[in-house]
Each structure stands twice: as C-alpha cells, then as structure tokens.
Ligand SMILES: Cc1cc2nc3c(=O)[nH]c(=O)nc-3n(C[C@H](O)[C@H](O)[C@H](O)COP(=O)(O)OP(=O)(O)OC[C@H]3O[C@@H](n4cnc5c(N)ncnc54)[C@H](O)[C@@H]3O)c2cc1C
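Next up is one chain by itself, shown in structure tokens, the form predicted on its own.
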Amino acid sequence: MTVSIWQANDTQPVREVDFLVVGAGLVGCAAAFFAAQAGRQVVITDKADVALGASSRNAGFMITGLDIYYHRAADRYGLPVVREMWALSQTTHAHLHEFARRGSVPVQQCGSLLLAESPEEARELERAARALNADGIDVEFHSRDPLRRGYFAAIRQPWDCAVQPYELVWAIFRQSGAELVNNNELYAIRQDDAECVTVYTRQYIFRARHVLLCTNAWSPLIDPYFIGKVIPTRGQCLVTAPLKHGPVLGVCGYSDYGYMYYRDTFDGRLLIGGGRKQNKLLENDTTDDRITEPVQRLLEAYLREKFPDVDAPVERRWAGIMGFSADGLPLVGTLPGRPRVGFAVGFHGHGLALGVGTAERAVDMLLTGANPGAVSAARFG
C-alpha cells in the first residue's frame, strides 16, 4: 500500500494492541476467531471493509482438495503432502459449516462435478478418480456427461457445497468478537524489539504484541518478501438475471482443468466464472479488479454454448484479485527478522477450501511456535 505524507505524517494516535490481524477477508476473520479462542484481544484492520475483496467476489464453492487433479498433485508434491492438504480442506469445511450454522448463512450440500471438456481431459479425470479411490476417498467417476451438456466425463464429490461467501465472512467476523478498524491503509511494519511490532496505518500507529498478515494478493505491496512468492491474479464472473424455470445445474460444476466454473445462485440465477486460461498475460500479475472485455466475451460465449436453454440476460459482471502462490500451496510463516509478524497468504483461488484451516495453523504458529506443516513458507528457504 502507499499512503502519502498528506494522508498520514506519522503523528497518528498510538494504539496498544494485543493481536493485530491485517486483512478482513475470510482468512483474516477466521484468524481473529482462533486468536480470540486462544485468549487474545484482537483487532482487525483493513484498507476497505469486511469481505470486500476476493472473499466475496468468488463463486462460493466449498470444494475439497487442491486445485489440480489428485494424481497430478501427488506427482508434484508427494502423496503425504496431498493427503495433508486434503485433510486441511476437510478441517476448513468443518469450521465453515459450524460458522454458517451459527450465523444462519445459506449453504447447500449440492455436491461438485469436475467435468471434462475433451477426451484427453476425460482420461485425466479417470486417473484422478482411481487415485482418489485408491487413497480411500469415495468419489464417483462418470464415464459420460451427467449433465448432458457436451462434456466427456465427470468426478462427483457429493459432500461439497455452495455457500453465500459474503454472508459467511461476516458471520465469522461477528463470531470472532474482534474490533474492526476499516478504511485504514497500512504503509509500514517494524519490529524494533523482541516484544513489540509497530504497524503504521493511515488512522493509527499500532503497537502490537503479535501481527498476522492475511493480505493474500496484496501481500507483495506490503513487504518485498512476498514478491515472486504471491502473484496477484484476476478472476472474473458473470451472472444472469433470475431464470424463469428455476435452476439448471443443481451442483457446483467446474471444468477445463478448473479454469471454468458455474453454479446456480440461491436466488435462481446462473453464475459462470473463469476464462483466465486463454487470457493469462492479461489476467496474471495484476491488482486491477476491473473486468476485461476478452474474458467477459469468453464467459458469455461459454454461457451460450453450454447452456443454450438459458434465455435470461447477463445482469452483472465483476472481477476479484486472487493471491496465487509460486508453487500452488498456501504460505504460513513469519517475516525475516520480524518473528512476531506472521502471515497466512497465497491460497491459489481455493480460499474456501484451505483458508480457515490455514489461518488456524498460522495463529498456532505465531502464538506457540507450532510447525504449520505442508503450508510452511520455510519450503522457500
């Protein structure tokens, strides 16, 4: 973040804080909850407000696992890491269900379908299903398209869910009991002694015992440590007007190796997101959250191709900035030379799958020194 000398000249009021969370999205609000459960007095600060970033600009998919096929993930990370990340997503979803239940947040256990756009992808899906089943994960493989919309195969995970993500984050924030300081840009973090971190923001200078950065895509703008480790990446969606004849899917669907995704909304619309695969140079490494014409044109063409029975017009389009990590796994650690400044960032577009469990590990690491496991940023040296 950049803050001019006219906005803040370092004479802001000083506030003593026990545990400061920077970022009021899904991960930040979850971290505040876990820190409060550990007996800490928590303040959250954000450059905007609760859940106004990617946490409420996504499709609202509670999908289990990583963003690549299970067998490919095992080849890339090793099977122990893949199993750990699967369990972490299950932990995340257990927390989310409880947060949603207590907060009366809409959640629908409609299951998910990972669909193949080509015969080649269908073969990959079959390999993924076999790897999942061999590891005791009871997914269902369909050798034909269960939606009858021109796909070639599918994996169904019946336990996955659709959620209202904005209401979910607000529910987590309220249950955390944390104080919120919103509309408050951060511009410097210093740890000058072993017991205290000084955080300079537009409204206040915070002096905190612990600080946890839950800033995801914006992390490289806060500290150079994150440059090259977290890459801001734009994702885009569109949604139709309410459909006259009700839902057309009844499931969370995604295809083309996860680059396309679609679902019914709770008020009877069809949402479609994606289009980044064909526009990577345009959509990668940017914090500009405006929609772009090439991606929106692709999304609308996909709507007409796969859902010709939907005659409702497109009513809303939007974009959000995700934080992709350099290796596809989240990062938990502390800033070099600042052991009381922790972070939980880099969710690779799967914050609803991994974010809350990762936040729990980050808080535990910062307060007790616990090893965060496969998400440890120590893997980057």
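For every residue, the number given is its place in the sequence shown, counted from 1. Just so you know, these numbers come straight off a predicted model, no measurement behind them.
The same protein also exists as the form predicted together with the ligand; that form is not shown, yet it is the one meant from here on.
Peer 1: Quick one: does residue 186 come within 4.5 Å of the ligand in the predicted complex, counting heavy atoms only?
Peer 2: Residue-level check for residue 186: yes, a contact with the ligand.
Peer 1: Spell out, yes or no, whether the shortest heavy atom distance between residue 215 and the ligand in the predicted complex is within 4.5 Å.
Peer 2: Yes, contact at 4.5 Å.
Peer 1: Taking the shortest heavy atom distance, is residue 261 within 4.5 Å of the ligand in the predicted complex?
Peer 2: Residue 261: contacts the ligand in the predicted complex.
Peer 1: Is residue 315 close enough to touch the ligand in the predicted complex, meaning at least one heavy atom pair within 4.5 Å?
Peer 2: Although the ligand is absent here, residue 315 would stay clear of it in the predicted complex, with no heavy atoms inside 4.5 Å.
Peer 1: Could you spot which one of 43, 66, 322, 335 gets a heavy atom to within 4.5 Å of the ligand in the predicted complex?
Peer 2: The residue from 43, 66, 322, 335 that makes the contact is 322.
Peer 1: Which is the contacting stretch out of 50-58, 31-39, 335-343, 66-74, given heavy atoms within 4.5 Å of the ligand in the predicted complex?
Peer 2: Result of the contact check: 50-58.
Peer 1: So which residues in 350-372, when you check the ligand in the predicted complex, have a heavy atom no farther than 4.5 Å from it?
Peer 2: Counting only heavy atoms within 4.5 Å of the ligand in the predicted complex, the contacting residues of 350-372 are 350, 351, 352, 353.
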